[in-house]
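First, one chain by itself in structure tokens, the form predicted on its own.
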């Protein structure tokens, strides 16, 4: 007697058809639209700048020049996956960098100074957690306020002066300036961080709970998921990755600038929201974020090589961010309806 609950073998699509369907979905513009945009950018600038753009030097410029942006964007993946904004990450980058640079200049070993830089970054993460999770202040407003306080402290601590000295040209500079297979350290670190985030988010129970909290926190609470603990942890992860990005930034310029991290605020958010439209539609993810960083870098480098006005790069990033926000919101609404 045939089990009526089982689908008859004759009605199932052939294995080759199922494989083709999966591949068609994977390479669809709805899944990897940024890759197609990247191809268009490369083709356009290669035609316009045939002697300067389609070169290995351009590839290295994008990979190395936007590695700090990649780290900054990856810092936002986990908190945004829990539907929590962290606008303080750029100021955390600055704080960790100036802290490490200050203590290196004053005789501390580079390793110990970097540990202190990471420690102060995590302290800000704890403060963000208290403000957002414990005090129940909206994450957008709360982390913006925290970031403003951090920036005020940085100005007080540095007297608005760049921290520099010959001591920073030694072991401290090697964190970012070391070369690995033709790439600088931060480019390799970004790939490693993305790999760790991908594994945790896609292959662990913690990752599934993070996404559950982001899509429906009320349902997550009913499923006995510790929503507050996960949001608190997301802010700590953001602060930790941002602090490391700040150390790499200070190491790359061999100085502690009191405004170094501010320039990464808009590009990082643009990259992470574009990344949410890639691979895992409507979900913030690490590899999609890296794809978005490469796309933004390719466009910005092309504009720079073509001698475009200084405002063109910011305009390009802003337009991409608006498009990404619209696409991410649409995809999330479709997922909820489904």
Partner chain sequence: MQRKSLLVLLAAASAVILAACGGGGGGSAASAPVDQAGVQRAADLVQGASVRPSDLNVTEPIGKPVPPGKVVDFVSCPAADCNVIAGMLKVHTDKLGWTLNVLTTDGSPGSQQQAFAQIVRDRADGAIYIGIDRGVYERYLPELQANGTWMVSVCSTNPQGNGIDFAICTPDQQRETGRLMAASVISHSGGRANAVYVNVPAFDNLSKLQDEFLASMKELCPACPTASQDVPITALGNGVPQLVVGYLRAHPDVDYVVLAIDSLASGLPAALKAAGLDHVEIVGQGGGDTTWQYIKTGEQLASVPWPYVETYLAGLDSIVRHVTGVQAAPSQLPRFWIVTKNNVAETDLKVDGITPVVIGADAKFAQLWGASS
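Numbering follows the first chain given and starts at 1. This structure is a prediction, so every number in the text was calculated from the model and none was measured.
This protein has a second form, the form predicted in complex with the partner chain, left out of what is shown; the following refers to that one.
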Triplet 179, 311 and 314 all within 4.5 Å of the partner chain in the predicted bound form via a heavy atom: yes
Since exactly one of 255, 87, 227, 127 fits, which has a heavy atom within 4.5 Å of the partner chain in the predicted bound form? 255
If we take heavy atoms and a 4.5 Å cut-off, which stretch out of 245-253, 133-141, 219-227, 193-201 is in contact with the partner chain in the predicted bound form? 245-253
is_contact(residue 120, the partner chain) in the predicted bound form, heavy atom dist at most 4.5 Å: no
Can residue 263 be called a contact residue for the partner chain in the predicted bound form at 4.5 Å between heavy atoms? yes
So in the predicted bound form, does residue 290 come within 4.5 Å of the partner chain, heavy atom to heavy atom? no
Whether residue 171 contacts the partner chain in the predicted bound form should be assessed with a 4.5 Å heavy atom distance threshold; does it? no
Contacts with the partner chain in the predicted bound form - residues in 296-310 whose heavy atoms fall within 4.5 Å: 301, 303, 304, 305, 306, 307, 308, 309, 310
